[in-house]
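Two forms of the same protein chain are encoded below as structure tokens; each is given separately, as structure 1 and structure 2.
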Structure 1
């Protein structure tokens, strides 16, 4: 695609040759000749003059020199997304219910629903209009799936769960598995506590691949409207996640904890059971949250504390040997 055409489509001011042929998109550090790239993160400024890209999408006020053609726009990130769409060929959507899927009796299927090969849909399931259940997925007894939701291949959802509208669940994720609950018997064995509750996934939630959301012991485990959950995340029984929460890869949240609206838990964060994490909290990667966290806090460390406190202490920690030597020198006085 000619660079001039791209510039036109994204409404950019072009500084360079409109006839350059663009073959693909890449990050600025990985681009080869024929690629178009973009610049929004100053971490990548060093690549402006060494990139092999043929063109860079930059902000309107970009004033550095570059050997590449430049496309100036208001929002380079958004513009680059639009360029990506120009080059993307969507894989064809499967239509209807595949003959190799097994659909039990008494399943209610809306209009324009796709069910892929080798799926298993148990009794009393309801699937709303325009939803897609991809190949090799499993949906358990009595589960309800809303409209325009997309379950990717190999997703499995146990009985009595409720999945809202416009929900996306990626490959291999498990919804509604039993919570991890046992009573300790006098002989030292553990007796299973029945897990009789459900999982409710509200509208516009997205859940990554190979994550787990356990059903409640009783009542419900909830993921609130618009929340986004990454891959390999563990959400235990009776957890309640608010709206527009962001939960990054490999986070684990133990039983009955509550996470407030718009909170962000970075990768590999752990939250102990029966805690209340407020709204608009940020927990840095690998934080271990072991007590309640107030709304608006920014925490890190294990146990997690205010991130400024942690960082100040950690900087001194790294020089403890010096400090110790000073102290010992006093001693000798």
Structure 2
């Protein structure tokens, strides 16, 4: 694709030859001739004149000289995503229902639905138009799946769940497994408590591979519109996640906690049960949230505190050995 066409598609100001042929995308340090890349982090500025890329997407105010053609935009990361869409070729879609799929009675299947090999669709399931159910997926009794949703191979949706429109669920994820609920008996054993609730996944949600979203003990576990959940995430029973939330890998959210709209939980964040995390919160990686967090907060650490306070305390922590030695030197005088 000609560089000039790409610049036009992403509304970029082009500094360089519009006739350059672009063949693919790559990171700035691994690019070869014919690649387009992007630069948003100043720590990669050193690559600007040693990269082998043919073109680099940069911010509008970028002023350094470069041997590469430059495409100047407001948001290079977003623009690079738009370029990726120009080059992405979808795998061919298998149309229709595979002969090995097991489909029970009273199943409602919309138009242009694809159901792959060895899928199991239990009774009273509804699948909306243009949805794709890939190989070995399981859809439990009474579940409703909206339009244009995609379940990748080996996804399990348990009974009575609701999956919205334009939802993507990646390989191996389980929706609607039983919540972790047991009563402690007098003899020290634990007796299982029936989990009677459901899971509701709203429109435009994406859930990564091998994640688990537990059904509610009663009521519902909810993931709100537009939220994005990474691989290897545990969302427990009766959790309520707001709209446009980002939850990164290995996050664990305990039962009945509520996560506000547009909040970001970075990798390996743990949230204790029955807490409220407000809107527009950022929790840095490995934060341990053990109390309510106000909207707009930015926290880190275990237990999670304001990130500025954490950084100040950590700087002091690193100096403790030096301070100890000074105190001992005074003692020995």
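What you are looking at is a predicted structure, and each value in this text was computed from that prediction instead of being measured. Numbering follows the first chain given and starts at 1. The term rigid core refers to the maximal set of C-alpha atoms that superpose within 1.5 Å between the two forms.
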Choose the one of the two that is the form predicted together with a further copy of the same chain.
1
Rounded to whole °, what is the turn of the smaller rigid part against the larger between structures 1 and 2?
16
Report, to one decimal in Å, how far the Cα of residue 86 moves between structures 1 and 2 once the rigid core is superposed.
5.0
